[in-house]
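So here's one chain in two forms, each on its own in C-alpha cells, numbered structure 1 and structure 2.
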Structure 1
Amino acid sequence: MSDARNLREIRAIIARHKLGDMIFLVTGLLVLMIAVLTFIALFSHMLIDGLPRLSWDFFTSFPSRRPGSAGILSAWVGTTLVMIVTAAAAVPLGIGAGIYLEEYAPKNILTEIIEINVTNLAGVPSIIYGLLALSLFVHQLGFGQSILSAGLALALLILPIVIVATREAIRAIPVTIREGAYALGATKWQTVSDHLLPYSAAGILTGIIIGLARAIGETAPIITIGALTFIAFLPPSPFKEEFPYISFEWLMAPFTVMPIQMFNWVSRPEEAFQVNAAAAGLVLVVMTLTMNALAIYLRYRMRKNLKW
C-alpha cells in the first residue's frame, strides 16, 4: 500500500509539473505572437505608406521645406559616419575590457564591483549617456556638437553590451582549451590570442552588431548633444587628393542622423512629411534588421567551423 501511494504521489507531482510546463509554453507563445503581430502590423503600415516614396532622388536629396523634393542624403551619411566613430571607439575598448575582466583581473571585491557596475550600465537610460556626453565631450573636451561627440556618446551606450558579450563568449569556451594550451607551454596572451579569441569571435561579433543595431536607432543622446534637425550640406569628405589622402575634418562637422530627420518630419502637420517619415523609418528598420540578420549569419558560419 505504501509503495502504491508513493507511486500515485510521484505521478501527481509529474502531472503538475507537466501542467505547469504546458501553461508556461502557451503563455510564452501568446506573448511571442503578440509581439510579432504588433511588429508586423506596424511594419506593414510603414511599408504601405513609405514604400511608394522610396526612390533614388529620396536617397540623394537634402531635406527640404517642400516634402516632394525632400530626401535623406545628409541623414544617412551622418548616420554612417557616426556609426564608424562608434564602432572605432567601442569595439577595441569593449573587447579589451572584456578580456581583462575575464582572464587577467584578480578575483577580489574591486573586480566584483566593476563587474556589477558594467552589467548595470547596460540598463541605464540612454538619455543619461547623452547628458554625460554633453558635459564631457561637448563642453569639457571641447569637441562641440560634432560627429565625434555623437559617436563617442553612442560608444559609451553600447560599451557595456560589448563587454558583457565578450565575457560571455570567452566564458563559453571549454576549460580544456585553456588547459591544453598551458600544458604545451603557451603564455597567457598566446592562449588568449591564438585560442580564446578565435573560438569566441562568433559570440563577440554578434554582441558588437547587436550593440550597433541598438545605437543606430537611438535619438535621446543625439538630441542631447545638439544634433541638427535640418541640415542641407554634407560633412567634409574623409578622403582628399593630396598626401596623406585621409582627412579627419569631418569628425568636427555638424551632423544629423536618421532618427532626428524622422523626428523633424513627424513633427510637421503636412501629411506628405508623414509619408517621408514613414519612408525614412522603413529604411532605418531595414538597416537594423539587416545588421541583426548579418549577426545571425556570421555566428552560424563561424560556429560551424569550430573544431572542438
Structure 2
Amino acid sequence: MSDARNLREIRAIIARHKLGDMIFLVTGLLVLMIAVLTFIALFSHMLIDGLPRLSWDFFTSFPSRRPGSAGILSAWVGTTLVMIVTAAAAVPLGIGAGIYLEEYAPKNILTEIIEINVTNLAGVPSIIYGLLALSLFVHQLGFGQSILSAGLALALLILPIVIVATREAIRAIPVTIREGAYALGATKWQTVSDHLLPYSAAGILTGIIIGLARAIGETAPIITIGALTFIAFLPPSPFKEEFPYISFEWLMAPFTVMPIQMFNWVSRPEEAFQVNAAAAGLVLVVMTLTMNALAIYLRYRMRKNLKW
C-alpha cells in the first residue's frame, strides 16, 4: 500500500517538475517573441510613417525649413565621407594591433596592459570618445568640427571591435600552417602577410563590417564634437580638374551625418518633420541591418565550409 502511495507521490513530483519545464519553455519563447515583436513594431511603425516620404527627391535635396522639400543629401554624403576616414584609420590600426597581440606579443606586463586596455575600451561609453575627440582633435590638434575629427573619433570607438575580430580570426588558424611556413624559411612577417592574413581575411572583414555598421549609427560622439545639424551644402569634391586630381579639402569641411539629421528632425515639434525622421531612420536602419546581415552571413559561410 505504502509503495503504491510513494509511487503516486513520486509521479506527482515528476509531473510537477515537468510542468515547471513546460512553463519555462513557454516563458522563454514568449520573452524571445517580445524582443522580436518590439523590433517588428519599431520597423513597421517607421515603415508606415516614413515609406510614403521616401522618393528620389528625398535623397537629392538638402535639409530645409519646409519639411515637405527637405532631404538627406548632405547627411548621406557626410556619412559616406566620415566612414571613409573611419575605415582608413581603424582598419590598419585594428589589424596591426590584432596581429601584434596574437603573433608577436611576448608574455610580459606590457602585453597584459595592452590586452586589458583593449577590453576596457570596448566598455567605455561612446560619448566619452566624443569628449576625447572634442578636446584632442577639435581643439588641441586644431582639426576643427570637421569630417576628419568625426571619422577619427568613430575609428577609436570601433578599434576594439576590429582588434578582437582580427585576433579571433587569426587564432582560429591551426599552428601547422605557421610551422609549414617557418619550415620553408619564411620570416614571421612573411608568414603573417602571405598565410595568416589571407586565411583570416573573411573573419577580419566580418569584424570590420560590424564595426562600420556600429559607427554609421553612432550619434553621441559626433554631436559632442559639435557637428552642425543644418548643412545645406556639400563638402568640397575629392576630385579636381587639374593635377594631382585628388584633393583632401573635404577632410576639414563641416558636415552632418544621417543619425544627426534624424535626431534633429525627431527633436522638432512639428509632425511633418517627424515623418522625415521616420524616413531617414528607415534608410539608416536598412543600411545598418544590411551590413550586419552581411556580416552574419559571412560568418555563417565561414562556419559551414572551414578549409582545414
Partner chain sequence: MIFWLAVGRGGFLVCEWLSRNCNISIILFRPSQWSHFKVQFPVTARRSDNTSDSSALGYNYRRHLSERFIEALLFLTAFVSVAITLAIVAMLVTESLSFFEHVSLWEFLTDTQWTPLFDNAHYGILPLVSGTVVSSAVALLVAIPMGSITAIYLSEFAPFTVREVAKPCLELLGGVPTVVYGYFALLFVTPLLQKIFPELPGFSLLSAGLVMGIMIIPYVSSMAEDAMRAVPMHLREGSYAMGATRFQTAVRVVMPGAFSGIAAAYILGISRAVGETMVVAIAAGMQPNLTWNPMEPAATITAYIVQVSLGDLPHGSIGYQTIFAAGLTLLLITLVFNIIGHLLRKRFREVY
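Along the sequence of structure 1, residues get numbers from 1 upward. The model shown is predicted, which means the values in this text are computed figures rather than measured ones. C-alpha atoms forming the largest set that superposes within 1.5 Å between two forms make up the rigid core.
Peer 1: For this pair of chain forms, which number matches the form predicted on its own?
Peer 2: Structure 1 is the matching one, since it is the form predicted on its own.
Peer 1: With both forms fitted on the core, give yes or no for whether the Cα of I34 moves by 2 angstroms or more between structure 1 and structure 2.
Peer 2: I34 C-alpha, core-superposed: shift of 2 Å or more.
Peer 1: Rigid core aligned, does the Cα position of A295 differ by 2 Å or more between structure 1 and structure 2?
Peer 2: After core superposition, the displacement of the A295 C-alpha between structure 1 and structure 2 reaches the 2 Å mark, so yes.
Peer 1: Quick one: core overlaid, is V286 moving 2 Å or more at the Cα between structure 1 and structure 2?
Peer 2: No, because once the rigid core is superposed, the C-alpha of V286 moves less than 2 Å between structure 1 and structure 2.
Peer 1: So, with the core fitted, how far does G20 move at its Cα between structure 1 and structure 2, in angstrom?
Peer 2: C-alpha displacement of G20 between structure 1 and structure 2: 10.8 Å.
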